[in-house]
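Take a look at this one chain, the form predicted on its own, written out in structure tokens.
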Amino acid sequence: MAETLHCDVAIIGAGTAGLAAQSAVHAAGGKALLIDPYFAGTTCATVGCMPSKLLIAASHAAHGARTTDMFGVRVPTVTIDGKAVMQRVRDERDRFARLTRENIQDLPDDVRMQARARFIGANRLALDNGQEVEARSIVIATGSSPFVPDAFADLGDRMLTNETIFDLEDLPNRLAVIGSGSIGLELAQAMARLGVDVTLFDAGKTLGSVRCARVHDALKDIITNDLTVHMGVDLEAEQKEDGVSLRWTGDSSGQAAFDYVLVATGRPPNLDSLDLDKAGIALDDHGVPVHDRNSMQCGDSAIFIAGDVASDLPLLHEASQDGALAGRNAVAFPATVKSERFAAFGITFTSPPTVWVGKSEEEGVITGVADFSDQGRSRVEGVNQGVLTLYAAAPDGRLIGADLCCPASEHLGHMLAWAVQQGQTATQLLEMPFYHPTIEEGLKSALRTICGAVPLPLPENQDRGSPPGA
């Protein structure tokens, strides 16, 4: 008979969400068992946020060195040492991952369980080491993995994903990127600015799922300055001795050879090995447990879900909040509490970054637009390009969202996300100080447009149709 381990909360997965859940359970005085087959570190540290930003940082340095002439600063020759670029990416990535693993190793031995888990009941798990776990509550935090369409599955080591590209010892000469989501856009532009001949392909017609047409046009202009883009195409791939041959048809057609193909077509949740049919919970059309984002509870069960596996917003700050909510409610079950979530907010680290906040134009009533092509500080810095659009609700001009692709948009996006979360109006933001000359001043024209569409407040007891003094 299998040995049975007992705990208050069993957490499947030791990524950002799982670690946050474990911390919440511990803070509440509960006993957690954190189950993971590898304890390799978080997706962010190992294959996501950090290595990609290291590559992007190198591309910023290269692009900056190439574009100094406007300032009268002459850089005769810019040479990219691809091996040195990739070595730094790996060295710093490995440092981030090591620190994450060390933090995990600091957890008590009776908290960490290195094994793979699957459900055999609503509150019972079987481990691949022969043991079983019985828990009052269970948190699913198994993360996500790259999706590789069948057309690219047989390309061997010439096919890359975000989990393998950072292990290249040198920069390739020619790279095809499949998919124009955040991962595809970031890595395509970074590689291009590092001197790689990059072509981006997508079956869709919208880069990065950008909601605003003005912002999308600005992003497209920026991206196509750095690399070739083919949208609305279908692809056939064939492995060759020295690379890959791609043939595409659709809105454009052609054939070209590449050293590698980077497949960035999404990261679906890791659910297949969990035997969720034994858990007794409802699943949506994609096989993801149906859950309440304000509690992360699956139905009225003692099962909770957190992080990328929830397939809500696959972002680190969301995963961390997911885990904290799931862990706190799992240890308190059945006394679950619903909590307010962050204002929805995402950044794609193109250059300049592409940002979305809150609700879109379709849900808004009033819009304000700012063009940065002649914005003062942006022009001074030689980065005067891009657009932002703000969305506000009538009748008071309360901000509900924004789309941006403009200088410093990752910082402007934070300011706007805070404003949306706090329910601030355009008028209230304009009453804040805007130092001159700064890029933040670029917000003012969009805010003023919204204010101009907001009715002026009336004196007390005065009807809107009555003349003054009546």
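From a predicted model like this one, the values you see are computed outputs, not experimental measurements. Numbering starts at 1 and runs along the sequence shown.
One more form of this protein exists, namely the form predicted in complex with a small molecule; it is left out here, but the text below deals with it.
- Taking the partner from the other structure, the small molecule in the predicted complex has a heavy atom within 4.5 Å of a heavy atom of residue 43.
- Taking the partner from the other structure, the small molecule in the predicted complex has a heavy atom within 4.5 Å of a heavy atom of residue 49.
- Within 4.5 Å of any heavy atom of the small molecule in the predicted complex lies no heavy atom of residue 293.
- Contact annotation: residue 327 falls outside 4.5 Å of the small molecule in the predicted complex, judged by heavy atom distances.
- Of the residues given (37, 64, 437, 423), 37 alone sits with a heavy atom within 4.5 Å of the small molecule in the predicted complex.
- Note on the partner interface in the predicted complex: the residue among 358, 208, 368, 143 having a heavy atom within 4.5 angstroms of the small molecule is 143.
- For the small molecule in the predicted complex, the listed stretch (440 to 448, 424 to 432, 28 to 36, 404 to 412) containing residues with heavy atoms inside 4.5 Å is 28 to 36.
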